[in-house]
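Shown here is one chain on its own, the form predicted alone, set out as C-alpha cells.
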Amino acid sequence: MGVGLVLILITSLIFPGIVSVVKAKIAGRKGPRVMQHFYDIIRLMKKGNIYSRTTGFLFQLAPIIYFSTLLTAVFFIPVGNYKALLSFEGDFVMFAYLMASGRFIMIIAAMDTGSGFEGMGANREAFYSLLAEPVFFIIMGSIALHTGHNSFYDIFSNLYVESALTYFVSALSVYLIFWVSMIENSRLPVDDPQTHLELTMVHEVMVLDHSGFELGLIQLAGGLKFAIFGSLIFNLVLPIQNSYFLQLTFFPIVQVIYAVLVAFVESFRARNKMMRNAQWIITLSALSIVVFLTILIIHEKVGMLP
C-alpha cells in the first residue's frame, strides 16, 4: 500500500519532465533536464503570493483545496496486491467526485478574480469536464459489471483478460482513459498549455492571477493528476492479480510509456478548432458505450449479431 503511494507521488514529480524532454528531442532541441519542472516548482514555492484587490478568500484557498483533493484521490488507487489506503464499495464514485471537487474550486477561483478572460477559461473547463465525465463513469461501470465488483481494488483484482472481446474492452478502455486524462489536464487537442492567446486558452488563463507558493501547488497538482490517470491505465494493462514484483517492476515502465505518448501527441497532434471540441469529446462518450455493449455481449445480456 505504502509503496504504491510513493510510486505515484514520485511519478507525479518526473512525469512533466519526461514529457518536456521527449518533446524537445522530437523538435531537435536540447531541452530541459527531467527534474527541471520540479526545480521550477520549488523556486515558485519560495516566492510570496500577490493578490488582486478584486479577489476574495476563495481565491486564496483554492490552490490548497485543489491539491488536497488530488492528493486524497491518490489514496483510492491500488498498486500491487494490497488495497489502497482508502478502499470501500463504490469508491470509484467518490474518486470521481473528489477530482470534480478540485476542478470546481479552481473554476470558482477563476471567477472570483472578476476577469472576463479567466471566466471564459472557467466556462470552457466546466463544459469540457461535463462532457468527459460520462466517459469515465461508463467505462468504470462497465468493468464493474464485468467483474461483479464496484471498488477499485476488487475490480482490478478480478479483471481477467482471457478472450478477444476482453482484450478489445481493455484496449479501448485504455485508449479512452488516455484521452480523458488529456482533457482533464487541459492538454492537446482541447487546449495547448504553451499558448499565450487568451481567446483559445482554457487552464492557463484560469491561473493567470495565481503566483508564488500557490502557483507552485497548481503545477504540482498537474503532475499529480497525470500520475493518477497513469495509475488507472497501469491497472487496466496489468491488473492486480499479477505478481507483486511484476506490478512494481512494470509500474514505472508503463508511466514512462504514458508520458512519451503524451509528448508524441503534443508534438504531432494539432489542437482542435474550438467549436469542434464538444463534438470530439462526445465521440469519446459514444466509444465508451461500445465498451458497455461489449460487456453485455460477453455476459450474454444481448445476442451477438449473425
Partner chain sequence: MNEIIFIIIAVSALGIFALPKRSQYYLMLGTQIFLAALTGYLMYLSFNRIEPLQIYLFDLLGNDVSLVIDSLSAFFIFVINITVLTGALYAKGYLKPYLRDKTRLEMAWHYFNFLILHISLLMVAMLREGISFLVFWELMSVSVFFLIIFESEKQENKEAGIKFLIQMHVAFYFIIAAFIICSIATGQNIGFESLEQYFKDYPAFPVFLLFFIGFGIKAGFIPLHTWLIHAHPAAPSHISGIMSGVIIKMGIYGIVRVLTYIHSDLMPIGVFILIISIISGIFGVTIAIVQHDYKKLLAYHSIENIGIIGIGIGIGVMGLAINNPVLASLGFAGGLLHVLNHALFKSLLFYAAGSIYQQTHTRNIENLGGLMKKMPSTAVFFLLGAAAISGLPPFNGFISEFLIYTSLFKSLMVSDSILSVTLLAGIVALAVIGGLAVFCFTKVFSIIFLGTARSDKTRHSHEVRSSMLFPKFIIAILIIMIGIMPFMMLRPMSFVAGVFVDDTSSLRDMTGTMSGISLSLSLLIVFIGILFFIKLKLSKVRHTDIGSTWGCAYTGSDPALHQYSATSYAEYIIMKAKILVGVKKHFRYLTKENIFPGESYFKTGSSDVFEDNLVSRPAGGLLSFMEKIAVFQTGNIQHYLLYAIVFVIVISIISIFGII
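Residue numbers count along the first chain shown, from 1. Note that the coordinates shown come from a computational prediction; the quantities given were computed from them, not determined experimentally.
Another form exists, predicted in complex with the partner chain; not displayed. Remarks below refer to it.
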Consider the chain as shown here, without its partner, and state which of F245, Y39, F57, F268 has a heavy atom within 4.5 Å of the partner chain in the predicted complex. F57
Which listed residue (T200, T166, N123, N81) meets the criterion of a heavy atom within 4.5 Å of the partner chain in the predicted complex? N123
Tell me which stretch of 94 to 102, 169 to 177, 224 to 232, 184 to 192 has a heavy atom within 4.5 angstroms of the partner chain in the predicted complex. 94 to 102
Each of I26, P32 and Y153 within 4.5 Å of the partner chain in the predicted complex, by any heavy atom, yes or no? no
Is Q255 a contact residue for the partner chain in the predicted complex, using a 4.5 Å heavy atom cut-off? no
Heavy atoms within 4.5 Å of the partner chain in the predicted complex: does S157 have any? no
Taking the partner chain as it sits in the predicted complex, is M45 in contact with it (heavy atom to heavy atom, 4.5 Å or less)? yes
I'd like to check something about I64: if you look in the predicted complex, is any of its heavy atoms closer than or equal to 4.5 Å to a heavy atom of the partner chain? yes
Using a 4.5 Å cut-off on heavy atoms, which residues of 57 to 89 contact the partner chain in the predicted complex? F57, L58, Q60, L61, I64, I65, F67, S68, T69, L71, T72, F75, F76, L86, F88, E89
